[in-house]
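Only one chain is included here, represented as structure tokens and corresponding to the form predicted on its own.
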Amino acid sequence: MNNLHGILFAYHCNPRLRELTEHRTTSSIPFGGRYRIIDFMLSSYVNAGITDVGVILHESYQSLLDHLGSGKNWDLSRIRGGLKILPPFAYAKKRDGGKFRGEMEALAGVYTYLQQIHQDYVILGTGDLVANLPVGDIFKAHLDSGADITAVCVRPPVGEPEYTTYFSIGPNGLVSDVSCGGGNSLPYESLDVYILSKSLLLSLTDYCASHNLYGFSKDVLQNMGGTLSISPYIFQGYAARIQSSAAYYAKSMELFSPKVRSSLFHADHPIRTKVRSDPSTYYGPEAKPRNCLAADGCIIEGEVENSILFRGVRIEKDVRVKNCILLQDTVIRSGAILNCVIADKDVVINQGRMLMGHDSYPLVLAKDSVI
């Protein structure tokens, strides 16, 4: 698909994700045992044949840089085009500590990059979305509709209302109303994935920059809805927005559903990620794994139930882990008891410790913590 260029907004650091975004952006949070959240949208682009992708960053992006590298794992390491990392070095405005206030302001910060795009169309996506989108079908629907902008939508609820754009679709199939954060009164929820032409994107970016407008949902879709034709694409598969630690926990636990896994992971549209060579997971003679998702490289010698274990996790003897998410290289020493805990990378839980959270408010342990 040589006529579609991909852009990912990966600059968000949602404070409601608490310890999970102390040292990384939302896009870089590990998910599903071996992936990062950005892998899902990036893989959706690549599976559709997109060969040029720009990732817009702002702060706390070292983790994401380490993960993406040259883009080789996504077949985006190319002499021409490929993966382009777009840090905010050219962003001269210093408002609110210098942070981007919205997508249009972020696009204005990389305006020179937008001008150099060779494709006629651009897809804008967010890095905090977990979904395996049929981008090729969405692009075809956009061309067939003749609309100015195609917005990917789902039936609510999928995310959290106060951070969501809702669309009301009229009899002609086009979006007739847009509201931001008004609850679930409108029938379709935006995934913040849009397709439009390069020329329109440049025009909108110019207009918003000259009028001090910075948000795509409010300042473009809502305020310009009367002059732009906006067509919905209704996505029927699984989609999740990760905007709080409770949402991260809940959406991770939904991976135990076969229906969710079949929507996210299938051979025709694989989710690609950074390769790490680990041996197969070892289960000791006294191990009691029940309903677990365990990545390669784990050592399990205790009791684990309804939990997600990332690569390199070690569960020693006489340990009881239930309803937990243990990120890469976490170590649980003998005799420890955990329930509803999210342990970030390289956490060590010492012998005999008892940690209890709740599924509505999981206990989150920061990276490198020793308990």
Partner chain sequence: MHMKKECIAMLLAGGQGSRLCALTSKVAKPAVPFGGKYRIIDFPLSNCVNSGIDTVGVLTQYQPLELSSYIGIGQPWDLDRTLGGVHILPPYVREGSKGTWYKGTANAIYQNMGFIAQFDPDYVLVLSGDHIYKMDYSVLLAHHKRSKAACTISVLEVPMEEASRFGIMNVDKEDFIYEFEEKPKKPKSNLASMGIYCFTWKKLRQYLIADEANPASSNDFGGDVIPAMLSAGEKISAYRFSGYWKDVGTIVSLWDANMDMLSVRSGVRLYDDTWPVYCRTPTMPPQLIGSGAVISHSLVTCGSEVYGKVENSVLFHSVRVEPGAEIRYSILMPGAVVESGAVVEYAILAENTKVGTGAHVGASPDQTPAEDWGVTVLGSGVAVPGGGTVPPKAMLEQTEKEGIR
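Positions refer to the first chain, counted from 1. Small disclaimer: the values here were computed from a predicted structure and weren't measured.
Missing here is the form predicted in complex with the partner chain; even so, the following discussion is about that form.
The three residues Lys72, Arg261 and Pro289 all sit with a heavy atom within 4.5 Å of the partner chain in the predicted complex.
Only one of Lys218, Arg272, Lys84, Lys99 lies close to the partner chain in the predicted complex, with a heavy atom inside 4.5 Å, and it is Arg272. Contact with the partner chain in the predicted complex, defined as a heavy atom within 4.5 Å, holds for exactly one of Lys140, Arg78, Arg276, Arg155, namely Arg276. In the predicted complex, the partner chain stays beyond 4.5 Å of every heavy atom belonging to Tyr214. At a distance threshold of 4.5 angstroms between non-hydrogen atoms, Cys298 is in contact with the partner chain in the predicted complex. At the 4.5 Å threshold, heavy atoms of Gly33 reach the partner chain in the predicted complex.
Taking the partner from the other structure, the partner chain in the predicted complex has no heavy atom within 4.5 Å of any heavy atom of Lys322.
With the partner left out here, the partner chain still marks one of 190-198, 145-153, 280-288, 238-246 in the predicted complex; by a 4.5 Å heavy atom cut-off that stretch is 280-288. Of the residues in 334-371, none comes within 4.5 Å of the partner chain in the predicted complex through any heavy atom.
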